[in-house]
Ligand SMILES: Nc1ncnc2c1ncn2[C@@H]1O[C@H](COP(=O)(O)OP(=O)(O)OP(=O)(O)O)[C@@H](O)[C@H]1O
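Taking the form predicted on its own, here's one chain by itself in structure tokens.
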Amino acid sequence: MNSQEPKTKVEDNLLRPSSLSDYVGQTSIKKNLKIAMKAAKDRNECMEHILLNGPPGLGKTSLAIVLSNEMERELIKTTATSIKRIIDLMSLVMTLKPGDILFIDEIHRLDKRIEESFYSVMEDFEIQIVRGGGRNIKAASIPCNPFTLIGATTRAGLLSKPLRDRFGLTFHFQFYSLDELIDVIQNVAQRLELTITKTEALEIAKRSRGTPRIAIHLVKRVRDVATVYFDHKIDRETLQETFSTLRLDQNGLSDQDRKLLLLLYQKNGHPVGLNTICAILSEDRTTLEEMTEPYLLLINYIEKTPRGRVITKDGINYLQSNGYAKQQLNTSLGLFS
């Protein structure tokens, strides 16, 4: 590797757990996977297909990497949007060796035709191809090697029932506790050769929104601030400077979270539709649904109703007790004023 080449990707890979014993959190999922792996190894079979469902950043991709390491099988990673034609599916599946693990991220985004072609691949390890039309129509089955499909999704409800039913194991990822996040943060700090005490790790964990990916990003931002302003020293002052720069409060809420809460607060309890929120805040629907809303729902600051989103009593109390309720939201710019 060229000495001038960015090392971000290499560093990210080093920060991922390599085994189930290194993987923090999701205790119930790990327990079930240990049983499934041992049973598959004892029978000398592939593991059943696995569906991993949950908000972004909770470790679905990392768990797929861990499973490939534990099963000593090659992992092939792709995204649903990369499989646009049947030929793409064929070229992907036909290159798999017996026992390989195929990981498809955001599997709910599969094209409907591609999804239907997966049925026979997952059940019978065959690709069904139909050629011609009318009286000249011909069907052919092309066999492929047995493999394990791991599908990851943030929107399991968008998967069709036939596709969901073909996964033998389905797991829903939970947000992480503070103690689990502290373990994640201290593990990352150790690998980055940083000194972060448990007290400092707790402050980072509080702002991590129950999400390991955010915790890891915050550790890196703390490292940046320590490098630039504090001669590589990480302490309370370093953390305060980092959180102030990122405009994160003690709950991990950002300006965008506060804009959403203030918008709902100013509607006096009337529900606001998601499209209206997106237009006012200049944010896309996917980001709001997958990144912003889940944590605000978790801490009971907002609620979903059939007519739209509303702020809760807890959300109102947050704005009022921190002085945000007195601010105004410029609806043309989506900014505080």
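The structure displayed is predicted, hence computed values, not measured ones. A residue's number is simply how far along the shown sequence it sits, counting from 1.
Beyond the structure shown, there is the form predicted together with the ligand, which is absent from this document and is the topic of what follows.
- Leu58 is the sole member of Leu296, Leu58, Ile50, Ile311 with a non-hydrogen atom within 4.5 Å of the ligand in the model of the complex.
- Listed residues Arg213, Arg109, Lys84, Arg164 were compared with the ligand in the model of the complex; Arg213 is the one with a heavy atom within 4.5 Å.
- Stretch 58-66 is the contacting one of 267-275, 58-66, 40-48, 301-309, since its residues have non-hydrogen atoms within 4.5 Å of the ligand in the model of the complex.
- Proximity of Glu115 to the ligand in the model of the complex: non-hydrogen atoms within 4.5 Å are absent; the residue sits far from the partner.
- A residue is said to contact a partner when one of its heavy atoms sits within 4.5 Å of a partner heavy atom; Ile316 fails this definition for the ligand in the model of the complex, lying far away.
- Taking non-hydrogen atoms only, Tyr23 approaches the ligand to within 4.5 angstroms in the model of the complex.
- Using a 4.5 angstroms limit between non-hydrogen atoms, Leu15 touches the ligand in the model of the complex.
- Of the residues in 173-191, those that come within 4.5 Å of the ligand in the model of the complex through at least one heavy atom are, in sequence order, Tyr176, Val184.
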